[in-house]
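Next up: a single chain in structure tokens, the form predicted alone.
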């Protein structure tokens, strides 16, 4: 068994909605091994996205710890955590979040620009652009680099989002319902792509409500009543 890349222990999270308190996570605990493709299943509103955001430090828990590659994420200062997140974690969302005025390469380059900073970007740009072209080709869009999002299909937009998530060569890829905005055929193409990336060594955690999508993972756990169930190393039988 490969080493644990990420562990989350006893994660609690609640939100205040007016005078009411909405409790979302109630001690969720799980581990992710390097090179694994893990699916987290749960019904709509179960807290899957909240948990994923906490795993990637986009949101902070009210209680519990998240340790990434031996580093306690929420013991870091904000700037250190942002830097680690930018370089070590890639995010793929259901609705792509591409900038409409930028073409494919420009959208993919955004994390590299953020990581480099304004002062050093002119010196880092050429290498970053070469890497961006390489990643875009890797997701099958080598002929679409100059197109803007409005000129792409939904599946192509999600491929751009995946390329953007990979451009800084993160160890961990977090995918939040990556096929939720796609038809079944296009969704399968995206899942096949994620599976291929995982076979090349990319660690992936995907949240989904869909059993068929979860079937692409090595392992599937369930988020129910704010806790993780069935957190075992049992393989999900057969991919669709």
Partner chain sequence: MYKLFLTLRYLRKRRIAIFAVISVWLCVAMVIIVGSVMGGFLDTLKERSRGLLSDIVVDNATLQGFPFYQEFIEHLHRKLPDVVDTATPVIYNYGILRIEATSFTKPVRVVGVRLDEYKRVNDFGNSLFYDKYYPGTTSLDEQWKPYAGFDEHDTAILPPDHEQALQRFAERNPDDEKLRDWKRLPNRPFEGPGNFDVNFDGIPGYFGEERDKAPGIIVGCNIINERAPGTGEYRRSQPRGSKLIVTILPLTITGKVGIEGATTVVTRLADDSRTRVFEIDDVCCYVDFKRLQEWLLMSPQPLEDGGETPARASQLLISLKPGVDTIEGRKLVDAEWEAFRASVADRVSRLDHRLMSFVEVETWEERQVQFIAAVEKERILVTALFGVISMVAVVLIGCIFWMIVVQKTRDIGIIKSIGASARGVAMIFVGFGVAVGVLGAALGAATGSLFVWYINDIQDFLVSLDPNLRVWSPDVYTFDSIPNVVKVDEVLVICLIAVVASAIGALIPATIAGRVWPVKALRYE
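Being a predicted model, the structure only gives us computed values, none of them experimental. Numbering follows the first chain given and starts at 1. Think of the rigid core as the biggest set of C-alphas that the two forms share within 1.5 Å after superposition.
The same protein also has a form predicted in complex with its partner chain, omitted here; what follows describes it.
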Original post:
Does every residue of 86, 113 and 117 put a non-hydrogen atom within 4.5 angstroms of its partner chain in the predicted bound form?
Top reply: yes
Original post:
Taking the shortest heavy atom distance, is residue 58 within 4.5 Å of its partner chain in the predicted bound form?
Top reply: yes
**OP:** Could you confirm whether residue 137 comes within 4.5 Å of its partner chain in the predicted bound form, counting heavy atoms only?
**Re:** no
**OP:** Consider residue 106 of the chain shown here, and say whether it contacts its partner chain in the predicted bound form, taking contact as heavy atoms within 4.5 Å.
**Re:** yes
Original post:
How about residue 82: is it within 4.5 Å of its partner chain in the predicted bound form, going by heavy atoms?
Top reply: yes
**OP:** Note which of 124, 131, 102, 71 lies within 4.5 Å of its partner chain in the predicted bound form, where distance is taken over heavy atoms; exactly one does.
**Re:** 102
Original post:
If we check its partner chain in the predicted bound form, which of the residues in 6-27 reach within 4.5 angstroms of it by a non-hydrogen atom?
Top reply: 15
**OP:** Verify the C-alpha shift of residue 75 between the shown form and the other one: is it 2 Å or more after superposing the core?
**Re:** no
